[in-house]
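Before any questions on binding or motion, here is one chain by itself as structure tokens, the form predicted alone.
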Amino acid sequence: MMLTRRTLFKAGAAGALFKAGAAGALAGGVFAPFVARAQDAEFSYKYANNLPVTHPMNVRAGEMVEKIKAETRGRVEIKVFPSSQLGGDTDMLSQLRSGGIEFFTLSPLILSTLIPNASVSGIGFAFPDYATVWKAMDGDLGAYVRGQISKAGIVAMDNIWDNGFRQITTSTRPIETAADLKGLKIRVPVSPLWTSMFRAFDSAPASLNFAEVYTALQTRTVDAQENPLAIIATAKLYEVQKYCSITNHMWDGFWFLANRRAFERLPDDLRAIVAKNINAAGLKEREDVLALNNTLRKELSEKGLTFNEPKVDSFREQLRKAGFYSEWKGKFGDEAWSILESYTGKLS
């Protein structure tokens, strides 16, 4: 069932988020199942993420944890902690590795601070459309990245969740060509690939965790940021930005990650139920994000954002001239790069 716009954006009462069958509540600032907690749950796990409660990720997560609890007859209980309640991205990644939290969703580009080749899917201007993205990420490219993640003692679920194609917002000027990025103070996630790409554009990138973005824009510590429209809307970044340039410069997703020790502690039958429901929720979230991004432009315009659609030719040419593609081909290695180009065509 597709989520309605009203469901996604009515943040006043948690019950409105779950008209599609999920039950939830905001109790003490923590997004958690509304059903009475079984005192005898054998496995009580935490799932943390950095997105607002109204984002499709958390709406589908609410449904997911209810289904897992029901299908395991209360033996597995997962509590959801949205909006960076348990720390910034790097903090939560450390907690995942140590077992402080059992599940975490994270962009592959930020995950690259631990697993360098995880970010191969985020190369600038690589994927032309969603059809190419899902063919790659549900195919050999996704399998390759999951293999890299596994080497770090973390389990990645089969289906990556969607974040969307990323757009650039600014408080100063619209971005029409690559030249407009020169000198721009832009927030980027804590990831070498993002920093490298915007340096290739002669920008001034600042690496900040997502929890810091709104304040950094509000105080003009930075003048710009880049994110999919769904995040621009749900995090209310339109309140502190004036322009949105539809660059589609990167596709970004969220690997649903599990602490290996905690995941393998589950008996086989329970582990299968948990994995099945996480992957099914991820596929539904993909549909939600696509629908949301396809309808948000009008709403964000009404909230004050001015949109423009630059041609991408100058951006690709600048990245080639600056040696961005050649540099990252060398860093990722021939195997990863050849798998990527088998879906995107030649980049370097």
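We number the residues from 1 along the sequence you see. Bear in mind the structure is a predicted one, so any value in this text is a computation, not a measurement.
Not on display, but discussed next: the form predicted in complex with a small molecule.
- Not one of K135, R146 and L283 places a heavy atom within 4.5 Å of the small molecule in the model of the complex.
- Looking at 73-81, 136-144, 248-256, 112-120, the stretch with residues near the small molecule in the model of the complex, meaning non-hydrogen atoms within 4.5 angstroms, turns out to be 248-256.
- Exactly one listed residue, out of W161, F210, F127, F103, brings a non-hydrogen atom to within 4.5 Å of the small molecule in the model of the complex: F210.
- With the partner omitted here, the residue from N227, Q241, N277, T234 that has a non-hydrogen atom within 4.5 angstroms of the small molecule in the model of the complex is N227.
- In the model of the complex, none of the heavy atoms of Q167 sits within 4.5 Å of a heavy atom of the small molecule.
- In the model of the complex, at least one heavy atom of P189 sits within 4.5 Å of the small molecule.
- Although the partner is absent here, F198 is not a contact residue: none of its heavy atoms lies within 4.5 angstroms of the small molecule in the model of the complex.
- Residue contact check for L290: none of its heavy atoms lie within 4.5 Å of the small molecule in the model of the complex.
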